[in-house]
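Take a look at this one chain, the form predicted on its own, written out in structure tokens.
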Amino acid sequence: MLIKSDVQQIKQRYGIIGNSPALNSAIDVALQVAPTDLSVLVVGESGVGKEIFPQIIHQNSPRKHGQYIAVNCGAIPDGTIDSELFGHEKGSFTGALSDRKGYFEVADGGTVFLDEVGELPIPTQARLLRVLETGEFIKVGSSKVLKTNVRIVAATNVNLTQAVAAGKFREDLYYRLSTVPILVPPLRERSNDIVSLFRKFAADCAEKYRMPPIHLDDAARQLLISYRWPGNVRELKNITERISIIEESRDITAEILRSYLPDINVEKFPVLLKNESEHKVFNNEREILYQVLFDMKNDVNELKKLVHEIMSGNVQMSVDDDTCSKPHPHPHPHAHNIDSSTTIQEVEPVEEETLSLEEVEKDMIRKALEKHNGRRKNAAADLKISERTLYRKIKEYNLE
């Protein structure tokens, strides 16, 4: 275990704010594994600051004078990711006008950081596994085996064990990448650090735009701490900067802060109760939307069944108000006091309405694309999914 001063020096060097035990432990593990060539998997929710840890590892390793390349695997389309990582030969595909070196060749002797590694397609995962095991790779369109000596650090906000179980991620690659796992804690588990981060972001914004920094009153500080921060440090920084620019007053009350916290009630109460004995914890807003739609569907179907049961013999009687008040000499044999002008309509069998998750998801994607005029990057950000996932869904649902 490294001494406390080493961790503090790293915090100062990389501008890391906070002193939670989980954060300190993550930094400590990064420093201890840095001198080795072991593969590292940085795990944590989106916005927690995972991208800092590969830099810590690289800069404190014997490879610090070598190349450091960060690759966002979720932002590269399936058709070009192999070329980006491994390079290609001239003429290997349409548009390959010259030879190209991939990141693993360029970073020989250095470090490659694979962000959102869980988004890699299965064929690319197989090629990456070969690099990890033998240091060998083949360019797209080539048959020549090349060697590289790179340190791979990967990061993901996806539960890779679940992805392995679902067949979306290779089990052998998962174990090869996660030789040393580093868990970066979410902001809601660093409650003592939230106010300090707010002050830092407020001071930075004030210095950048030459304005007095904003300050929170006691109630606002409590509200800031109680919020669950689904976007973590990134969300906190964005909200701090937004308040700093928009609000004229430099003294921020809880009422002002609350107006900048989206869906605060959903975040504070993530449990929806179906009855006294059942409950379900929802991980995101889309799951809540699905559940609401399902409940609506069930309510409609229950209402249909109730009406159907009330109407005996699967018939629906439509009775005119005027005829109800008039006696008729020949009553209906099965219904008393009903005029002969009464119309009897057969009720169609009650059918369960189906509500497909795919249809809901397809509609959400279509509306996001329309909202952003087809700009997939903005649509993906709005839907809180990676660009790669959005590309795959567009192809799957024929939304081209």
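All of these numbers come straight from a predicted model, not from anything done at the bench. Numbers for residues come from their place in the sequence shown, where the first is 1.
There is another form of the same protein, the form predicted together with a small molecule; it is not shown, and what comes next is about it.
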Here the chain appears without its partner; judged in the predicted bound form, the stretch of 194-202, 104-112, 167-175, 83-91 with heavy atoms within 4.5 Å of the small molecule is 194-202
In this chain shown alone, the residue from Ser244, Thr124, Asn157, Thr148 with a heavy atom within 4.5 Å of the small molecule in the predicted bound form is Asn157
Contact residue in the predicted bound form, from Arg100, Arg234, His215, Arg188 (heavy atom within 4.5 Å of the small molecule): Arg234
Every residue of Glu358, Glu387 and Ile394 near the small molecule in the predicted bound form, heavy atom within 4.5 Å: no
Contact flag, Gln32 vs the small molecule in the predicted bound form, heavy atom cut 4.5 Å: no
Heavy atom to heavy atom, is Asn60 within 4.5 Å of the small molecule in the predicted bound form? no
Under a 4.5 Å heavy atom criterion, is Ala26 part of the interface with the small molecule in the predicted bound form? no
Although the small molecule is absent from this view, report whether Gly15 comes within 4.5 Å of it in the predicted bound form, heavy atoms only. yes
